[in-house]
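There is one chain below, alone, in structure tokens, taken in the form predicted on its own.
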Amino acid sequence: MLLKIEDLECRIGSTNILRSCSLELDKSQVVCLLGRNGAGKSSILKSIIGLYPAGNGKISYENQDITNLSPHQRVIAGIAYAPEDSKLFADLTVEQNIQLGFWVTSKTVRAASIDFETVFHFFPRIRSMVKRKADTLSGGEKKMVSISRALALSPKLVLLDEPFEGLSPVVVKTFSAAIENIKQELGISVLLAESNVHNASQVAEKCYIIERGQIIFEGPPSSILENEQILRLVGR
């Protein structure tokens, strides 16, 4: 078991945004957090990377309790995060943004196993963009760079927040293929947040549906697509 969350609760101010959430993710597995906007998907990812503190519950990574570790310590342990809005440094080039990931890895005890050629292999389009400033990129291009920067950390687990949001169906297929190849060729596990069940079905082996901060369903994407009641919950 690579990641295990047990009865996770999280409160922001007076609002309880996560309530007794539990999930598991194995090595070399793609799992999707599925739900409507505001259901709590991003909050789970931010709790795993340490941006949101856990009020109660436990987060275990490689059988070690990381519930109270800082985000930096979790990155060093092998967890990478690509946020929904990419969070690129606008004045830096694509190359420089990705190099930040390599720099962090070089400062840790973990040896880097990924280089620029590996990044280009999964996202060939980036090769022609390396000298462009980040603020000149389209939304889809920014997502490519954000995921590439996460890969530059040589992680064992990548957290992707809404990687398909705003992308055309053709680009969704490109991203789906890249995620599958990352899992197959590098053995990296992926936990992604997604609001579209059909997009999730292209990449995920297992889905957790979250509604109002609670996980209400666990199963393969096919079991969701065959269940009209569950489909109504996630808005198809």
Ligand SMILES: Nc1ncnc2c1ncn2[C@@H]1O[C@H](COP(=O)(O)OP(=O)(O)OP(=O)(O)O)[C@@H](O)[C@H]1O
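Residue numbers run from 1 along the displayed sequence. Just so it is clear, the model here is predicted, and its values are computed rather than measured.
What comes next is about the form predicted in complex with this ligand, which does not appear here.
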Testing 42 to 50, 63 to 71, 201 to 209, 170 to 178 against this ligand in the predicted bound form with a 4.5 Å heavy atom criterion leaves exactly one stretch, namely 42 to 50
>> Is it the case that residue 162, even though its partner is missing from this view, gets within 4.5 Å of this ligand in the predicted bound form, heavy atoms only?
In response: yes
Quick one: is residue 95 in contact with this ligand in the predicted bound form, heavy atoms, 4.5 Å cut-off? no
Does this ligand get within 4.5 angstroms of any non-hydrogen atom of residue 187 in the predicted bound form?
no
Whether residue 36 contacts this ligand in the predicted bound form should be assessed with a 4.5 Å heavy atom distance threshold; does it? yes
The one residue among 224, 17, 25, 21 placing a heavy atom within 4.5 Å of this ligand in the predicted bound form is 17
Across 65 to 98, the residues having a non-hydrogen atom within 4.5 Å of this ligand in the predicted bound form turn out to be 84
